Structures are given as structure tokens and as C-alpha cells.
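First, one chain by itself: the form predicted alone, in C-alpha cells.
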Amino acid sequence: MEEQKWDQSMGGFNAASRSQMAEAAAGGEESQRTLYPYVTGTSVIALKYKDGVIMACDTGASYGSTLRYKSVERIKAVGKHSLIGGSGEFSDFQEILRYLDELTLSDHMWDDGNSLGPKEIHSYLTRVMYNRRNKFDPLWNALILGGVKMGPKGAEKYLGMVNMIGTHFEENHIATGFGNHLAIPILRAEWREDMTFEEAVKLVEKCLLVLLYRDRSSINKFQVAKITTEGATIYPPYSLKTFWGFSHFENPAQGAVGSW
């Protein structure tokens, strides 16, 4: 009787559940990928500027609510014309990178003088994410895909995102995770199409600093990358100067209704 009560209190973790786990551990059940996120990365910010696309994020990865890893790179080059940045479950992001390696290798083997551009790769990712969502086994990520490729009208900049259920869109500036709430208002107010690279860096650094102050999963170690017609450049990680002396930081509960 006591065991039945304990099973109910644990949300139905009963003898049948234990037998299923034992069967899986013994190799009797086919292995599955992430059903819940474990090691996760936070926001990625990207925007178009005069010569190409810039992308930035921190290098932290959290194990639950613990900032376990401090040097995780979540921005990668894809083929000749694209950059990808990923929020969410890091092992799923690694799986997506493996898919993209196979895609770019297959494209290269055609040896037809053409190569996949950012628009084609983004389209591919939307199909992958939506397919996995329909299998109820999603890849637990929000992805940003940006790039530049020469077209009939010259250099064509592209920036798009796709999330874990396949929702996707193109935009001039994009942020995932907490950045979707805190960085987008800043980008909407200050972004310009003719921004230089230096101006674009200052803008993404401003967004990253806001996220560092407000997002507990963010760390002060950031990586910036850009892609132009000359190719992709991923810069070494660095830190930003911070100021924690704001009065609301010193006593955040002061004046809050119902606060402890």
C-alpha cells in the first residue's frame, strides 16, 4: 500500500515504469535522443550590416540551472556562405551540425561549380526541425542561419531562424532565447541597414550586456562572428566591462509588492 502511494506521488513512476527503464538499460529498447534539455545554451543575436551578417552569443552552457561549461562555442561556419548559431540543448545542436556536415559534403561531391547558400540551408533546417517535431522527438534548439552569397544583383545577405517546432522566418535582426524579449526592442530602435561592422559590434555588445545583467544563464565571455562575400570569421572569446553598482542591483527587492 505504501509503495502504491509513493508511486502515485511520484507521478505514476510505478513498477511498469521501472521495468521499462530496466529493459532500456539492458539494450532491449531502441535508444532515443533528447526528450528534455539537459545541457543548454542561452541567447544568440544576429543582424545584417552593410557588408554582411554578424552573429554573437556567450560561451556558457548550463547543466540544469548550473553554469557547468564556460567555453562552449555555439557559432559555426556552414559551407562557404553561411554561419549558424544555436540556443537550447547542446547535444542536439551537435547532431544538427553533423547533418549539415553531411549536407555540405554531398553538395561538394557534385562538383558542379555551385554551392549551397544560406537560403537553401535555412530551408533544409526548417524541414529537419518540422520533421522531428512531427515525430514527437524534437531537436530542442532555436537556430539562426545567416550568410552572404553572390547573386544576379550582387551580394545577397540572408538572415533567418527556425525553432524546435519548425516555426521559421526571415528578418533583418534576430535574437533567440531571452534575447527575443530583451534584445529585440534594442535592435528595433537602433538597427540600420547601412551599419558598419564596428557599429554592428557595438550594438550586439549592448544587447549582450543587457542579457548578462538580466539572464542568469549568461556569462561574461562572448564570441562574435561575421560573414561577408570574403568568407566567415569567428573571433576569439572576450569579456565586456560591467558595472554592478546600480541601486536596483544592490537591493532588488526594495519596493517590490509581496516580496520576501
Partner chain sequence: MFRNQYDTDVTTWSPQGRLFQVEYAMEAVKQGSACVGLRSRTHAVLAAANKAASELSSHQRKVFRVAEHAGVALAGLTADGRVLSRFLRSECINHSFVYESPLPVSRLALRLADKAQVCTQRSWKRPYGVGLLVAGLDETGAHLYYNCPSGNYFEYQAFAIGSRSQAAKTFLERRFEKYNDYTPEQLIKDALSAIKETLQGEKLTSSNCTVAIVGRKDDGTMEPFETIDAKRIQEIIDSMEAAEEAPTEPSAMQQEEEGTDAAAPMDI
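Numbering follows the first chain given and starts at 1. Predicted, not measured: the structure shown is a model, and the values here were computed from it.
What follows is about the form predicted in complex with the partner chain, which we do not show.
Let me know the one among 190, 171, 107, 73 whose heavy atoms come within 4.5 Å of the partner chain in the predicted bound form, would you? None of the other options qualify; the answer is 107.
So which stretch, 89-97, 174-182, 133-141, 110-118, is the one near the partner chain in the predicted bound form (non-hydrogen atoms, 4.5 Å)? Looking at the partner contacts, the answer comes out as 110-118.
Close approach of residue 103 to the partner chain in the predicted bound form, 4.5 Å, heavy atom: Close contact exists here: in the predicted bound form, residue 103 approaches the partner chain to within 4.5 Å, heavy atoms only.
Just checking whether residue 149 would be counted as a contact of the partner chain in the predicted bound form - the rule being heavy atoms within 4.5 angstroms. Residue-level check for residue 149: yes, a contact with the partner chain.
Flag this candidate site as yes only if 124, 127 and 153 all have a heavy atom within 4.5 Å of the partner chain in the predicted bound form; otherwise mark no. Affirmative, all three are within 4.5 Å.
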